[in-house]
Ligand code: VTB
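Okay, here we've got a single chain as structure tokens, the form predicted on its own, with questions on binding and movement later.
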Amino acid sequence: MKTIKAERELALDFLRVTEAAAIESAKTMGQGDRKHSDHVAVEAMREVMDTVPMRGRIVIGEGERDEAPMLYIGEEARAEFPEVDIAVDPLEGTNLCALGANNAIAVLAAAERGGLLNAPDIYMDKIVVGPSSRGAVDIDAPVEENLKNIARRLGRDVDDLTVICLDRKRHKKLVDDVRAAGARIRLISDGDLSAGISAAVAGTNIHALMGIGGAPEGVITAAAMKCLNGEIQAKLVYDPARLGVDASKVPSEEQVMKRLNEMGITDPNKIYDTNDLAPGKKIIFAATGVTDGALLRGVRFFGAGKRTHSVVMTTDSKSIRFVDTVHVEGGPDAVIRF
């Protein structure tokens, strides 16, 4: 992305990409078939991405080539200017969509070539905060210490804070520590990417995200943090004991190390900050709500079309746009609903 103009044009193109994925997956909302919801989102995202004038490379996607027919890691999206690295989650919160629950989104992040970490599809321990608390947290520090520092930066007491994390057995100690410190906690079934973004936006009543989620989602969250002036710190996690799962259900340490080496990651214990995960100088982040959430409304359908709610953020032009779009499908007599 050589110019601000190119970035702005790509931002609008990427908005079309996330809108398409959100609309198609929203059609499956509540049907209870998470695989189908994800499938239609992937197909819609890839179809529209083919129309974007760029030379794109997928660095975070639907898996390796032998696991995913499209949007797989390493896939070249097109062969035109400019060169872009792309991280996608066509449907973040597949279970949320399948169950008709809140906070499912279609999301895409992009940067100049080399601007997004090619993270392995394993787990990652994360802490995410907004601009006011940037520089005040340490992923290795005790939970109580981090909460005190966040409260101090926000000018409030710890018991006024709300921490969000995935509702998993592996987080029992984390949950206990948050409660012992006096803060509130919000447990979510899925969707720690959208939850992390909420932690960086004032007015959502979420002050931090903590806990273990997916590493690819961590990279996309970091791209959003670059645009929102928030912060993420993270560490890769591959120990079954920490994950609270049977060792047979996750890759072995040998398999993980081999994959990390193939991806150029030499220190598996490295603490990643926002710039490590998303080092790009020109980052675009786009997300469209599939179901209603704290930040975005879900897709709404009416007789003559549908309505989407999205956010598009860029670092170079320093803009954050909330885009409310009515997609008209009817003829000249169609009634437009606002």
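Please read these numbers as outputs of a predicted model, since none were measured by experiment. Residue numbers run from 1 along the displayed sequence.
Unshown form predicted in complex with the named molecule; subsequent notes refer to it.
Only one segment in the set 253-261, 227-235, 151-159, 166-174 has residues whose heavy atoms sit within 4.5 Å of the named molecule in the model of the complex; it is 166-174. Under a 4.5 angstroms non-hydrogen atom cutoff, the named molecule in the model of the complex lacks H207 among its neighbouring residues. Contact annotation: E217 falls within 4.5 Å of the named molecule in the model of the complex, judged by heavy atom distances. Contact annotation for D190: at least one heavy atom lies within 4.5 Å of the named molecule in the model of the complex. Looking at P90, you'd find every heavy atom of it more than 4.5 angstroms from the named molecule in the model of the complex. Of the residues in 27-42, none comes within 4.5 Å of the named molecule in the model of the complex through any heavy atom.
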